[in-house]
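We begin with a single chain expressed as structure tokens, specifically the form predicted alone.
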Amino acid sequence: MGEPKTVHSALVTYTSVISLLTLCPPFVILLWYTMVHADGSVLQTFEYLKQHGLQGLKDIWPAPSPIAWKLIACFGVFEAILQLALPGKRVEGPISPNGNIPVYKANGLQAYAVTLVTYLSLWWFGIFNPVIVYDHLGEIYSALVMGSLVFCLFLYLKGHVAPSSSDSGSSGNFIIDFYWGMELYPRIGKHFDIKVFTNCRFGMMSWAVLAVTYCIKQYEMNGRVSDSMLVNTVLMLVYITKFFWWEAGYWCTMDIAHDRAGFYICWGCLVWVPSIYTSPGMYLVNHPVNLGTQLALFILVSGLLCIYINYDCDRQRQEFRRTNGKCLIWGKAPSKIVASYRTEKGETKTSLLLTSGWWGVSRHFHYVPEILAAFFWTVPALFNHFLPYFYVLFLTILLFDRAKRDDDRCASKYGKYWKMYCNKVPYRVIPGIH
């Protein structure tokens, strides 16, 4: 896994990890409490904690209830069954640092469709009311916080005792190993990929399910769904649909192909995604905004355009890789750099670096429309409170950090060829600025 290069960087990494392990779980609960019980006001929650201290945090922290555990278990088992049982195309992931080639079954779009149809059907036919999920949301988040910590401990122990492949190892530090993970591709048995489950089938699927839940809750409270909630929900569901349409491409990204399965990725997808990523909709449940037809359509169309551009960025790169550069990008033959590199086993290989189309605008331009899309599905909440925009702020920091880490990894991998690429595409994320 590799040690930090210097004592200073090791100290920074260690202290940052400790801070995140300590602060993330309480933040999830505080965000839920503020959205649902404090009118979305950070100041109100702050004043409460200032007055009551740690006892105040303890008092507002909901205990995981039996119904919360049942809801989580039913959802998790349902998604695991779909992941294993639904048919799908065989897809090979990128070659790992140790020469392993992970194999996946691409059935995410089918699982997504089955999940939403099943959830809405249960509500429509009166079998299950999704309002129950919203009414026990704090208990669900509390259960996820605790259960996912135990799950990450399981991943740590599995990495030591029964790693699924040679792409595993320890840094020698429990905290770092627990946070960053022990295995790159942990699996249960031969076919059940744990990161696909945590990242895609639980994390992303729960985002969609909760978006629908918030709509139903507002409808049952008010007898109608506000245009602000509709815009928020439609944009999020379109984005998630795009994700599952492109899921096989996601398996080639840093999350899956480079980041190991630990607290950073798996706890984040099991807890952070369903709580933080859905928070604009959570806020709108009790704070419906009447945007009016023109403003609602403007926000909707702007958000859809950003989602399309984000999709088209990934489509261009996938097509470029699939055809080995023999394709058209914006109606022209793509410009590229042929980069050679050496694997950890000492083998020399080559890669093609795309330098035209969206990938000629900046090295990570696809993050720009992704951040803007998040802004457009949040802006229906308008600007009465800051907290609905926390996700946009978090996503911006996350993606800028990911762009830097990816640049650092590519610089180490490709050396002089990456310098050539940076000279040709000088901006990392925002063209003309950064």
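From 1 onward, residues are counted along the sequence shown. This one's a predicted model, so the numbers in the text were calculated from it and none came from an experiment.
Heads up, the form predicted together with a small molecule isn't pictured, but that's what we're talking about next.
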Exercise. Non-hydrogen atoms within 4.5 angstroms of the small molecule in the predicted bound form: do 253, 402 and 406 all have one?
Worked result: yes
For this session: Check whether residue 24 has any heavy atom within 4.5 Å of a heavy atom of the small molecule in the predicted bound form, and answer yes or no.
Result: no
Exercise. Any chance residue 413 has a heavy atom within 4.5 Å of the small molecule in the predicted bound form?
Worked result: yes
Exercise. Quick one: does residue 314 come within 4.5 Å of the small molecule in the predicted bound form, counting heavy atoms only?
Worked result: yes
Problem set entry | Proximity of residue 321 to the small molecule in the predicted bound form, heavy atoms at 4.5 Å | yes
Seminar exercise, completed: With the partner omitted here, the residue among 310, 83, 228, 199 that in the predicted bound form has a heavy atom within 4.5 Å of the small molecule is 310
Problem set entry | Candidate from 352, 114, 149, 234 lying within 4.5 Å of the small molecule in the predicted bound form - any heavy atom | 352
Exercise. Okay, which stretch from 29-37, 389-397, 52-60, 66-74 lines the small molecule in the predicted bound form, with non-hydrogen atoms inside 4.5 Å?
Worked result: 389-397
